[in-house]
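Only one chain is included here, represented as structure tokens and corresponding to the form predicted on its own.
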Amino acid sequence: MNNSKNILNYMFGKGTISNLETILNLKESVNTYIVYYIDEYFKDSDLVKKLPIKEEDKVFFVQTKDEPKTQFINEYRDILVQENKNKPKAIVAIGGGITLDTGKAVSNLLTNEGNAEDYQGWDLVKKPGIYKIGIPTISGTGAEASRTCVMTNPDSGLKLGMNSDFTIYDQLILDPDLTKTVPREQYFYTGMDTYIHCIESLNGAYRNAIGDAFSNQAISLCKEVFLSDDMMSDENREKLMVASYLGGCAIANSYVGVVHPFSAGLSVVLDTHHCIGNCITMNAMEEFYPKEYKDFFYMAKKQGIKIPKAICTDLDEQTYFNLYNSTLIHEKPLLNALGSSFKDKLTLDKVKEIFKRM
């Protein structure tokens, strides 16, 4: 029997980030300092100037060129330990999926022994992490609502998160004003992450009425946004922020399917970012998700977004083998999508052929 957990507290609406200081003041703790993880995009922005950062607080500006790697998470933990800042009143993460996942991962690592790679898997985290607040500045990854924080371990070739109830944020601030400055293509790629989460969930074996409800509503909102004439209007940015949250809740109650394992292969082997990786993977997904494939590319065409192609057309055999291993290692989603015989269906030759269509 599964016992599901969702976010306990969230604020939604324009300007709600102004409530951050009040929320932090209400949190009781022996220590008073806060640790911030902020997307490097905002380093010299007005947003940072408006945050209630005090001299005693520790601020990290998270690089988003590379997706979170286990070694980065370990290094963040080590810095806090060395500076005696490893028992903060709260962790505040402000940014996209990379930054939000970083905040969740460090929170867990500060209260659980060992390194980040020790907790890649399901329900391996045994102790609650540091109290954490998530503030997304882009919509689609669902990182603000999910029970995981995805990390890549280059040594093992594994891209997998700390899937745990302890990974879930304690508080969210969902302020659609923060997504105004997102580049148009990135807005589409990231928004499509929640669409893809949900089509995988609805086409898998591990379905339930609650997960289906979250997925159906998120897909409906995505279609409203990406079939409109102005996908980045104030109203549509609000809708996509809600869709992202619901998509994260959906996947917390289900599993992804074929797209995410192949996208993970692209991330581990070719360093492709997750959201654009999902969109690139959709080039080869017609046989698995025919209706959703057509809908996806119709929405891309409607918005004038070109999905990169031919990035895996002419790779050497070792790279294809590495892509195969980094895809097939994700057994749970592939089992969800293709059943217990997924390894028979996804032979090395078949996986190579799928990647070549990307």
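Keep in mind the model is a prediction, meaning the values are calculated, not measured. Residues carry their position along the shown sequence, with the first being 1.
Below, we refer to the form predicted in complex with a further copy of the same chain, which is not included among the displayed structures.
Only one listed stretch (213-221, 78-86, 193-201, 96-104) carries heavy atoms within 4.5 Å of a further copy of the same chain in the predicted bound form, and that stretch is 213-221. Taken together, Ser156, Val268 and Gln318 are entirely out of contact with a further copy of the same chain in the predicted bound form: none brings a heavy atom within 4.5 Å. When contacts are judged by a 4.5 Å heavy atom cut-off, Ile23 counts as touching a further copy of the same chain in the predicted bound form. Although the partner is absent here, Gln171 is a contact residue: one of its heavy atoms lies within 4.5 angstroms of a further copy of the same chain in the predicted bound form.
Proximity of Asp165 to a further copy of the same chain in the predicted bound form: non-hydrogen atoms within 4.5 Å are present.
Among heavy atoms of Ser340, none comes within 4.5 Å of a further copy of the same chain in the predicted bound form. In the predicted bound form, Asn208, Ala209, Ile210 are the residues of 186-212 with at least one heavy atom within 4.5 Å of a further copy of the same chain, listed from first to last.
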